[in-house]
Structures are given as C-alpha cells and as structure tokens.
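In structure tokens, the next block holds one chain alone, the form predicted on its own.
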Amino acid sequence: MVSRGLEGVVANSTRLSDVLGDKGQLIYCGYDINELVGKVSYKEVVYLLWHRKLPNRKELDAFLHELRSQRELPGPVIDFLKSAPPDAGAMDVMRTAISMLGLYDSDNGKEATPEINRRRATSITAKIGVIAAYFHRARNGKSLPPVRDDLTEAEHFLYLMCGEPQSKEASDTLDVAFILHADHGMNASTFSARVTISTLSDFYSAITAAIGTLKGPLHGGANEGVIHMLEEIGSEENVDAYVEKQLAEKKKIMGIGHRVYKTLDPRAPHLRAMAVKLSEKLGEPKWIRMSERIAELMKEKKNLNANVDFYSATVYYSLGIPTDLFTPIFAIARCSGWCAQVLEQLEDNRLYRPLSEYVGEPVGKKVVPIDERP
C-alpha cells in the first residue's frame, strides 16, 4: 500500500522533539513548548536540543563562548555575499554560502568524529544569521558591521541587519520566534537533512539540503505568502470577499491549516500575542485585524486553524524585516534543530532507502530499431 508523501509512516525514532497533532502539542526533549516560552531563552533551547537537557549557568556560559567565537565568516564567503546579484533570492544565497563554508573547514580531510561534527554544528549555527544579515546589507549597498560576541542570536541578527542594536522588545520578540521554530519533528527539511547525512555525506551538505527544502512555499516559504496575501487584500473591508473567492475557486489560504496539527498549532497563540502587541505599538493594527478576520472565517467555514506562519509573518513585518528575509529567519532558527537531528542520526545511522511502487508499462517490451520507430 502506497502512502503518498510518506504520510503516517514512522521512519525513525528521536529524543529531540514530538508533534502531537491531535492534541496540538509541540515537545522539545520532554518540555512542552508552552513551558519553555517565557522561561528560557533561545540559546538555552539550542543547548537543550544538542544535549537533551537544559544547561546550568556554567554550562551555558561555556556554550555561549563557544558559539559566539564562531561567528566570523571566511573572507571568500563575505566576498561572495558582496558579489551576489542584488536581486538573488535570499534563500538561494544562504544555501550557497552554507555550502561554501564547507570549503574552508579546517578539519577537511579528517575523519568526521562526533567532536568534529559538533564543532561544525556550532560553526554553522553561529554563522547562518551573519550570512543572511550581511547579504541583506550588501545588496542594499551598505557596509557590513563587524560581528560581536556580546549579543544573543536575536540581538546579533538585528544589529547586523540594521547596523546598530535594536530595542529589547524587538530582540525579545525575535528570540521567542526562534524558540518556536527551532525544531518540529520529522518535517520535510529535517527529513532532507537526515536522508543526506545518512549516506555519510558531509555536515554542510545535510544543512544545504535542508535549506533547499525549507525554501519551498509548501514549507518555510509559506510565511512570505501570508504577507503577500494581506497586501493583495489591501484593507479590512476586502477580507470577506477575498476569502469567499478563494474558497469558491478552491485556492489555498496561506497560513491556514497544517499537515500534522488537527487542532490549534501551539506556536500560533504566542506569535499572535506578539503580533497584536507590536501592531498596537507601531500604530498599524490593520494587518493583525485582517489576519484575525481571515482566521475567524476559516475556522467558521472550513474548521481550519491558523498555523505558525500565519502570525509569524505579521510579527516579522511589524519588526520592519523585509518580506524575503522571513524564510531565512525561519532557517536561522531551525538550523539548531537540523544540526541536532543530524547529530542524532549519526549516533546510530542507517541509510534511508524506501521503496516505490512501479506503475509503468509491464515488462516484456521489445526494442524496435531506431529507423523503424514511429
């Protein structure tokens, strides 16, 4: 029996995260996401995923020192970011830059030991935000600020993107978004990373594969689609007619529904609360009001709930982040989860090799000489 898209197929076991779709729960290493948000920082969540325990103060300090010391990009990668076409896709540039990092790894040629792979995970996680921010500034003809080792991942990304430190409210908001996006079971990009590393390919190839998968509009690219949808609708009075038209034409409403969650996406309420707060502060509440009306209509008409992309788009938009950086921000956050999943895959590796059902012509066809073929 074929399960299209591998739906319902259990391909591996993990101790990292669990998505309970029927209950609307997301769990990281035994912690419900609602227990983590507001009590720990993103850096603690990264440690949790990599070590399967929350750090004490000494462990966290040592981990932060290691992570922040790896932020500097190799010169040729910076040159690439400066020379990339300004209209290039931000995810395409990120994918290529991460792949380039593998060329400048000091451990190239050595056996990929657990210690070396953990260092690679640290390096990639430390650098991915720098890549996104530097490309954004370079394409706009702006200087590239020097990396710093005294800022959190959220603070550092906003500082590099804007050229100066941003408000605590902005960095705290982005930190929560990073926590919510850090890992999510065997999603498409995580599966890509695990399949790639299961061949005993290199760490950089695994993360590059994950970025390429996340880019798709049915995965990470959905948050960009939400803002494009809101901009197309234009104003609050147009929402009802837009939704009716989309449903009549059997078209998708971006950010609504989820492949796994059969009830409310547990990440959505946290992002909704931040979207409301930011919209009120910035004096542009129409975006969240339009979003709320769309969510209300889709629940009423199709019994579908808003997912994480639906509200994260409004949060990022309210923070002044360009639309085409929404998915790269998703990648920055999810990179820690990808690295954790790759490290776990290598602990007890087995090559992924599913079967397929052949539905082509039956065997027995004969080759006709080329000059006799119709």
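Note that residue numbering begins at 1 and tracks the sequence as displayed. These numbers were taken from a predicted model, which means no experiment stands behind them.
This next part talks about the form predicted in complex with a small molecule, which is not shown.
Trainee: Could you check which residue among 218, 112, 88, 273 gets a heavy atom within 4.5 Å of the small molecule in the model of the complex?
Mentor: Filtering the options by heavy-atom distance leaves 218.
Trainee: Of the residues 228, 302, 289, 281, which one places a heavy atom within 4.5 Å of the small molecule in the model of the complex?
Mentor: If I apply the 4.5 Å criterion carefully, the residue I get is 302.
Trainee: Which one, 130-138, 200-208, 243-251, 98-106, holds residues whose non-hydrogen atoms are within 4.5 Å of the small molecule in the model of the complex?
Mentor: In the other structure, the partner sits against 243-251.
Trainee: Looking at the partner-bound form in the model of the complex, is residue 307 within 4.5 Å of the small molecule by any heavy atom?
Mentor: Heavy-atom contact with the small molecule at 4.5 Å: present for residue 307.
Trainee: Evaluate residue 257 for contact with the small molecule in the model of the complex, applying a 4.5 angstroms cut-off between non-hydrogen atoms, and reply yes or no.
Mentor: Residue-level check for residue 257: yes, a contact with the small molecule.
Trainee: Might residue 222 be said to contact the small molecule in the model of the complex, defining contact as any heavy atom within 4.5 Å?
Mentor: Contact check for residue 222: yes, within 4.5 Å of the small molecule in the model of the complex.
Trainee: Heavy atom to heavy atom, is residue 298 within 4.5 Å of the small molecule in the model of the complex?
Mentor: Output for residue 298 is yes: heavy atoms within 4.5 Å of the small molecule.
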